[in-house]
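Taking the form predicted on its own, here's one chain by itself in structure tokens.
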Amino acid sequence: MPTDLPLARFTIVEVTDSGVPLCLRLATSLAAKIAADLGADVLKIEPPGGDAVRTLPPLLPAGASALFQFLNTSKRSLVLDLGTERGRAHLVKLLDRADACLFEEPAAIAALARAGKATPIEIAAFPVEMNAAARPVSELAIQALGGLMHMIGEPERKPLKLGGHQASYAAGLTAFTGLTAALAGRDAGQAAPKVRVSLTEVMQWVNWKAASGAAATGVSPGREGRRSEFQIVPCRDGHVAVVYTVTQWPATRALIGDPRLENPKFATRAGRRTHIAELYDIITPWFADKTRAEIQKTAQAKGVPFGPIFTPAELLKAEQYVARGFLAEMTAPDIGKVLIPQLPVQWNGRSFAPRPAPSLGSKELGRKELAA
């Protein structure tokens, strides 16, 4: 790993214990992955048999987990049985040499993490005030508690879970932010604060419009379907998202070019929402004979942020992804060549090329261990 990356001088221990809910382990792994790809020396502690994510779908052609590869690039691996005194003692020694430790509840791991000199970064399911460490948890339950299940799906049908692992990944990004704040404090010679991130609180923050909407109007915004202000409409080769701000309405009206949009009832946001069905009856035909690329180019020229809807396969060739080198080719001994997302930021004008995820227990000596 190049030593000129921003976190190259830090050593971080990621503890992956057995029996921890999947949503917490994914959050911890993502936070540690970002740190590793930014140059930190990240040692992943796995239970005997390895992190259960190693076998989770989607699977690559060679049988390896694509999810595990994505979440564990640029890390090292060490197997420790934290159910034994020897395993716990080894972990504490590692933590005395590390700058930070990423781990999940339960309390047994927390006690070990806090015994070392590394700054503890804890990822939990619920706020401390709920006193619910033993409560069963899943990402579905976390999304429901955060109010997101009230936002996704058609209003006349049952709510839908967000695709992928968005609660875990949002919490992982939050934990990484706390981690960098702690590392900055240590770097400045300050006492680094202990960090605790709960998925429930992160989801409530992600869904901040629910709280602000309820405070402003007395009603939390929910699934509106065809009554929604912003909708997905069909075009010649797919679909486009119709999105614009209040200040962009005049440009949107001019772009569509239908004189019926000059009616005073559409002049205000409140008026447009009141007459939303009639509004979309007017604007939807404009999209029908145009391609997504034509719509995006024409709209951007007018300052209107209409956006094309891409399939996952189309994203592989999307102009912005290609220009940023977001999908990088990576070669691993056991899986061959794969395309894997890089960090969407650049450092000194270059992207971060991740190293393959480690095989189980493949712990070569790290920088601080070599110096010890």
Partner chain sequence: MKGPLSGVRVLDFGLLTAGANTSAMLGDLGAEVLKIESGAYLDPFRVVGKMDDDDGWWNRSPQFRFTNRNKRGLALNLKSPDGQRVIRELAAHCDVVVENFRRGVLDRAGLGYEAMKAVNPRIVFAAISSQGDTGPERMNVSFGSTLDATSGIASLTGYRGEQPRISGMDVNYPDQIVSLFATGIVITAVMEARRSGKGAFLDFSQREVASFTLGEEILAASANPSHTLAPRDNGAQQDAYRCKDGRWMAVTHDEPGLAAWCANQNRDDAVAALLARGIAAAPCNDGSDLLSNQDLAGVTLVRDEHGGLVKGLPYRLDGKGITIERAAPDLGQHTDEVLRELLGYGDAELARLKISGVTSTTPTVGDV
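Predicted model, so just to flag it, every value in this text is computed and none were measured. Under this definition, the rigid core comprises the largest set of C-alpha atoms superposing within 1.5 Å between the forms. Numbering follows the first chain given and starts at 1.
We do not show the form predicted together with its partner chain, though everything after this point is about it.
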Testing 173 to 181, 252 to 260, 82 to 90, 281 to 289 against its partner chain in the predicted complex with a 4.5 Å heavy atom criterion leaves exactly one stretch, namely 173 to 181
Of the residues Arg76, Arg272, Arg97, His150, which one places a heavy atom within 4.5 Å of its partner chain in the predicted complex?
His150
Of Ala133, Ala111, Ala293, Ala216, which residue is found within 4.5 angstroms of its partner chain in the predicted complex when only non-hydrogen atoms are counted?
Ala216
Is its partner chain close enough to Lys33, Leu67 and Lys209 in the predicted complex that each of the three has a heavy atom within 4.5 Å of it?
yes
My question is simply whether Arg355 lines the interface with its partner chain in the predicted complex - judged by any non-hydrogen atom within 4.5 Å.
no
Would Pro48 count as touching its partner chain in the predicted complex under a 4.5 Å heavy atom rule?
no
Flag Pro159 as yes or no: does it have a non-hydrogen atom within 4.5 angstroms of any non-hydrogen atom of its partner chain in the predicted complex?
yes
Please tell me whether any heavy atom belonging to Gly116 falls inside 4.5 Å of a heavy atom of its partner chain, as the geometry stands in the predicted complex.
no
Looking at its partner chain in the predicted complex, which residues in 275 to 303 have at least one heavy atom within 4.5 Å of it?
Gln296, Gln300, Gly303
Is Val243 displaced by at least 2 Å at its C-alpha between the shown form and the other one when the rigid core is overlaid?
no
Honestly, after the rigid core fit, is Ala293 moving at least 2 Å at Cα between the shown form and the other one?
no
Answer yes if the Cα of Leu173 shifts by 2 angstroms or more between the shown form and the other one on a rigid-core superposition, and no otherwise.
no
